[in-house]
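To begin, one chain is listed below as structure tokens, in the form predicted alone.
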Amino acid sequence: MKRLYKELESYSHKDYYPFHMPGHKRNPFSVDGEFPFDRDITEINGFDNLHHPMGILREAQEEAARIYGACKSFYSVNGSTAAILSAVSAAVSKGGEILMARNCHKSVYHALYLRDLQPTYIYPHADHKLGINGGISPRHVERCLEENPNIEAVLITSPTYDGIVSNVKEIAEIAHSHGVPLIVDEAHGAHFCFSDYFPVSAVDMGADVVIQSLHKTLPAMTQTALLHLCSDRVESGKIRRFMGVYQTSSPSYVLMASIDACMDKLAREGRQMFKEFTGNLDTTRERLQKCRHIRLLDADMMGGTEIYDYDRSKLLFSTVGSSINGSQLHTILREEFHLEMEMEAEYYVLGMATVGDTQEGLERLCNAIEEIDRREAEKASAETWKEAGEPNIPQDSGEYRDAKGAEDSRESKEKTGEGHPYIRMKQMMRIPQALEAPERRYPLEESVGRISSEFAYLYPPGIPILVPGEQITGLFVRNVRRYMEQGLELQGLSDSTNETICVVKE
């Protein structure tokens, strides 16, 4: 078959002059900087149309479906966001009901807004001490479906941002027994099917629609994703229609070529590439697991979190029991060791390993974590001497007080439920009602008891901790203040200082 990325490369060397879009006219001197203008075209003869694929793009999408074992696959150049919006819109009628995990990405909540949907939330299990979301319980899914017979679809995130995989197979069977489809946001699991080292993809576990971000874990450009249709429980015509609604009418051929090149490379060499990658990853994990203060987490360290499987390409470094928090570890790795991590959280830092990693990169990470762990061991040793009353070590060490205070604080939060952001909130209004109602701005501390007209979420990963229409609680306000004190990034509120919040006007 013809490959889009090769056809673009070939075309870039031909002498066709473009009296069509884009405005750069494939002229690299039309702007400063280096950009792939020579391959950035529009829907010209021979290059098909993503919104009405009949040739090379249809074949490319069919190839993606064969690779993943889906009935049909759709390219998305608007990332997983457009695919999620399309899947929800196709599966649930406007104004309908959906059962969804509360830790879904903000794009799911945007679908609720755009389609005026009524959600029933199912909360993931959680390890409050580590501050990590666990999996979704199939039993809870079944109970929710029994109690809400008008639900039209179930949507969960698996794997989570942290690599936690739910029992998709059992959840799918439960959903199907109630006559509804299962949509799985598998944005972080596009690599699963290329190695048995990783969990089984939701495509092979009975899900009806699966969304994957290629750019997150595979060698593809940012903003590239796939939507896999795996059954006839959701109409393919509706999926295609809504993909046309939520995607740009001028899809980037550079991005589509990136998807095509990624699929071609992995189809030909993926098994060998992943064999080398997983070997390097396993060696890295074995080495990092020897650290005792900055601990590399594994599934067996997370208690009572309904974990069905775990993606070991996610490198979670816990700071629990050390003298630093997640934000501080993130800063040290970036400023001192020049390692850019994926995410900082309250009690851990997340690094993502992919097939694109080099041995040199993984070695640098190991060296950095080992050095920080060594420093923490020295601090712990000093604290042991202090507790024993060794006279030559000051008893009034600020580092000791900080570490002791942090540990006491964690124990307190675990008892009160403050150690986890996804607290249960009371939904007083539907999202569209709250977003479109007259609003008034209040200082955050004075907003308790009122109805939010704004989202609030930690970014990354962009999962709302407050949704429009929910009643603001004192615990939410305390959590916000704690995140700000720790240097975490809170987004969503129209006041970027997070000092005030917009609420529904009484």
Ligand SMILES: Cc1ncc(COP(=O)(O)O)c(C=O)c1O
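Residue indices: 1-based, along the sequence shown. Only a predicted model underlies this, so the values are computations on that prediction, with no experimental measurement involved.
One more form of this protein should be noted, the form predicted in complex with the named molecule, which is absent from this view; the next part is about it.
Considering the named molecule in the predicted bound form, find the one stretch among 163-171, 271-279, 103-111, 242-250 with heavy atoms no farther than 4.5 Å from it. Of the options given, it is 103-111.
Sole residue of Thr319, Asn133, Ser201, Ser80 within 4.5 Å of the named molecule in the predicted bound form, by heavy atom: Looking at the other structure, the residue within range turns out to be Ser80.
Please identify the residue among Ser213, Thr284, Ser258, Ser327 with any heavy atom within 4.5 Å of the named molecule in the predicted bound form. The residue from Ser213, Thr284, Ser258, Ser327 that makes the contact is Ser213.
Is every one of Ile84, Asp185 and His188 in contact with the named molecule in the predicted bound form, taking contact as a heavy atom within 4.5 Å? Judged in the predicted bound form, Ile84, Asp185 and His188 all sit within 4.5 Å of the named molecule.
So in the predicted bound form, does any heavy atom of Thr157 sit within 4.5 Å of the named molecule? The answer is yes: Thr157 has a heavy atom within 4.5 Å of the named molecule.
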